Every structure is written in C-alpha cells, then in structure tokens.
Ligand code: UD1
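Form predicted alone, single chain, as structure tokens, below.
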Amino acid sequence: MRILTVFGTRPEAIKMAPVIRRLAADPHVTSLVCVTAQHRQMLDRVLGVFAIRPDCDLDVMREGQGLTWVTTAVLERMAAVYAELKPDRVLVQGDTTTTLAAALAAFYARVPVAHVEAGLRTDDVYSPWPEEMNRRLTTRIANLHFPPTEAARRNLVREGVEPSQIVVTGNTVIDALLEAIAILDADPAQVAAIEASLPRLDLGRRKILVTGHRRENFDGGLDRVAQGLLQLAGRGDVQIIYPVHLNPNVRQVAEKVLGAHSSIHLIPPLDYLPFVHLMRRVDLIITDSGGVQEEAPSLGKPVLVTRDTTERPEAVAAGTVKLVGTDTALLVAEASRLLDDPAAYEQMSIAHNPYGDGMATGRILEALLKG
C-alpha cells in the first residue's frame, strides 16, 4: 500500500513523526511524505529532530501569507503530487489549512483520505478560527477517521459518519512526547546542552511557560494576555519564559509589552526536545496551543488556556486544564490562585492524561492496513 502523509506545520510534524516512522518500518507499506511548508522555518526544525526526509516539498510559505494564499497554493500544487506519486491513500492530521487543502485535492484526484485526530469540535465555526471549519470539512471528505478520544468519536457519529469508518486511537502527540522523554532521559549531555541554551532558571522563583499564536487572538487578545503576564511578573516571585511565535502579529505585541521586564524572557521558538524539557521544568503553563493542552497533563503541569473555547474538553473535565480566555483579570486571578494555594495547585497537577497511552500509532497502522 502506498500511503502519502501530508503536513505543513510544526505541530503536524510532531504528531505525525511517530506515524511516519512506523509506516516506514512496515514491509506492507510504501511510505511517502509531502510537506507543504505552510510554516517553513518552524517545520524544518522538527523535520531535523525526527530525521524526516520528505519525498516532495511544496515550499508554499511566503511573507505576509493569508489563508486564501495557503489554501489555493496547496490545492493547486497537490494535484501534481498525487499525479506523480500515485498514492493508494492520503493521511492528513488535525486542523490546519494544509490539512483541508490536501484533503480536497485528494478528493479531486479520487484518492481516499484518512484523518488523524478527527472529531474534535467546539461547535463554534469561528473559535478556533479557521481550525474548527477545517476539521469539519475534512471530516466530510475523509472515509477513515482516527479520533483520539471517545468524545471525539461521538462527535463524528452525531454528524453522520458511518461508525465502521471510525477507529478511536488516542492522540499521536502522546506517542511523540513519550519518545522525546525517553531520548532526554537517556542523554544527560543533551539535557545539559539544552539547559545551557535556555535563560538561567532561578530555583528560588516559580516558573511559568507561555505560548501564544491563535489567529482569533490577534485582534486585542494577545495584548490582554500580555498585560496579564506583566502583572504576574510584577509579583517578584515568578520567572516567565515565553518562546515567541515567528508570526509578526505575535512578536510585535510580545516585544512591545513584555520586552523590557527583567523577569520575562522572550526567546525564539524552541525545537521539540528543548520545549519538552522546559515543560518538565516549569510549574505552570499558559497557552492557547492545542498540542500543549494534550501534552501537559502527562507531565503533571497545570494549564491555563487563553481561549474562550476548546475542542479538547477532556482535560478540562479531568481538572488539569482550565479555560481563562483573554480576560486580563481572570488570567491573573487564576494564575495567582495556582501560585499561592498549594491545594489548588496539587489538584490541577495530578498527572492524568485522557488523550492516550502512547500506542496510537500502532492502532492507526492496523486500521490503515485493514482499510
């Protein structure tokens, strides 16, 4: 079976790396990889970490790109890829513009699509935007669906997907996370090098890791979050480490509001292994990232999510994740509660992950070979 995996961003690459490795090792599969490079620099760093060598690279990223450009560029260029590589099945992941466009191009080429991390929903088409709609439309195109949880499976069934086309697998990000932890634990020299490359972590202060990149927060939300971080830094007993996304909309706000504070360290985006190491070192994570919501519960780290909705409600129900939106006062209040109340912190830091057991990749391979 010729299986073509298509992705274009850093999170997709992380989540698909274990799948690609497993496909490449199976004698019944010819594994092919196409990257769109929707995000160029951040994608390339992950490809290097996991030693992924694409069979084709569309290199669509351009300065100031918008959704229309990415969609049309991927849609047009994937037609030639399908014609040349002639896959029996296309594998896409998650909710990116690459995912939707690659799936649509596969439909036009009459190539069946399998969707990893299917069925996540907020039921608000504008939150997250455009990811919620990307997922919904990809569901309509795919004929094999790999939801990570039972709740995601129920979403698909509710929308009319045939149950025989659905296989609950767990989330491949847990597979990737466990691989990364094993690599770090086996290589003290690499951990020491990572430590040396990071800002010096003050053992006497609580440490907060921050990430932010969602498009729906560009219109004032990022600024409100930054104001909250500024207030938290003013406590004097915390240290904030913020790997800043390369998107200019994110960088401009972070540098303008937070750049001068001595307790806030704005650093470039991290490769995956250093980021996992940093997640393990900090006390609290503030993020709008979907992947971090999935990873942090395995590490016993409380997460405050700077979004009004989440398509990953399982960790909220488990008590390890809490939505705070972009309300400055609420963000400060909830972070302060976790920093000041040991009982509240302990309740949220219990390591419980509803997103999988690290064996999602094997379930996906088995379903692909059967399907």
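Predicted model, so just to flag it, every value in this text is computed and none were measured. In case it trips you up, residue 1 is the first one in the sequence shown, and so on.
Not pictured, yet referred to below: the form predicted together with the ligand.
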Interface segment, criterion being heavy atoms within 4.5 Å of the ligand in the predicted bound form, picked from 75-83, 94-102, 150-158, 254-262: 94-102
Taking heavy atoms only, is residue 64 within 4.5 angstroms of the ligand in the predicted bound form? yes
Give a yes/no on whether residue 300 approaches the ligand to within 4.5 Å in the predicted bound form, heavy atoms considered. no
Give a yes or no for residue 112: in the predicted bound form, does one of its heavy atoms lie within 4.5 Å of a heavy atom belonging to the ligand? no
For residue 38, is any heavy atom within 4.5 Å of the ligand in the predicted bound form, or not? yes
The ligand in the predicted bound form has a heavy atom of only one listed residue within 4.5 Å, and of 361, 349, 353, 9 that residue is 9
If we test each of 183, 233, 168, 246 for a heavy atom within 4.5 Å of the ligand in the predicted bound form, the one that passes is 246
The ligand in the predicted bound form - contacting residues of 194-218, heavy atom within 4.5 Å: 213, 214, 215
